[in-house]
Ligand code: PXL
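Presented as structure tokens, the chain that follows is alone, the form predicted alone.
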Amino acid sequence: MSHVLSIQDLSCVGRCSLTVALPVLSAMGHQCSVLPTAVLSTHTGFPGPEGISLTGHLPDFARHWASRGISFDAVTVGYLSCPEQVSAVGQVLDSFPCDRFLDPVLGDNGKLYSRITPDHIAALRKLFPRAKTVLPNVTEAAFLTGLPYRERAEESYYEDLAARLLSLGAESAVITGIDWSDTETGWYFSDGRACLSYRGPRVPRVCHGTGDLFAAALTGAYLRGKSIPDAAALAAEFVRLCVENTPEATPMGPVFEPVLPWLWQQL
């Protein structure tokens, strides 16, 4: 059984971040430990959530774990709220040499989220040399690399994006949320040696938290012996099934719980 540490916020209501990473990784047969970067009353898809930042405590938690001989087989990193939090997480990563999966959450649909600043983007770039795989969507990849955002493009654009992501220091990159056509969505993978693209049927529905589901499922599948592209393909199919299973009029995020037995069967 692999031991995975998931570093991201804990939204008390709404399916995202730690409330999806913990059950998904556990259902895939891993021990999942957590490091909450903040505690929020709801995810940010609800207006005006209350929140408590844990930024100053993160290195202290890591020091305690190291002093007790606790180690991890992989670490996943999700949303980080400010440059100072990114730096604190960098200290945590340096304490645990293992595979690291980084989802650099910055924005979507060509726009940055409201609290993201140039300093935040610069801080996230510094985490790339510590990452086995980075998992940005197209918007995030564009802002991280300096390429103009394109809502839909030919494959060479994503090849260029991926090459620039790798130049920041990551071993491999999976660019998610690509609009291949009106009926197809998917991802693009590169590790500097091979490039692969994935196309799957588009579900005409928007759900908060699908990126968190994808990152957890990819990490879990990789630790069960799948290659990064095979793990990404499984994660994409899992997310599609979760979105299909979700009523359109819910702010709670993708209804993934009934799909967990399917995910286990694939392993």
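Note that the coordinates shown come from a computational prediction; the quantities given were computed from them, not determined experimentally. Between two forms, the rigid core is defined as the largest C-alpha subset superposing within 1.5 Å. One rule holds for the numbers: they count along the sequence shown, beginning at 1.
Just so it is clear, the following notes concern the form predicted in complex with the named molecule, a form of the same protein that is not shown.
- Contact with the named molecule, judged by heavy atoms within 4.5 Å in the model of the complex, is confined among 41-49, 26-34, 232-240, 56-64 to 41-49.
- With the partner omitted from this view, the residue of 128, 96, 113, 180 that lies near the named molecule in the model of the complex is 113 [heavy atom within 4.5 Å].
- Contact with the named molecule in the model of the complex, defined as a heavy atom within 4.5 Å, holds for exactly one of 123, 105, 142, 74, namely 105.
- In the model of the complex, the named molecule lies within 4.5 Å of some heavy atom of residue 79.
- Although the partner is absent here, residue 16 is a contact residue: one of its heavy atoms lies within 4.5 angstroms of the named molecule in the model of the complex.
- Shown alone here, residue 208 lies within 4.5 Å of the named molecule in the model of the complex, counting heavy atoms only.
- Once the rigid core is overlaid between this form and the one not shown, residue 251 counts among the residues whose Cα shifts by 2 Å or more.
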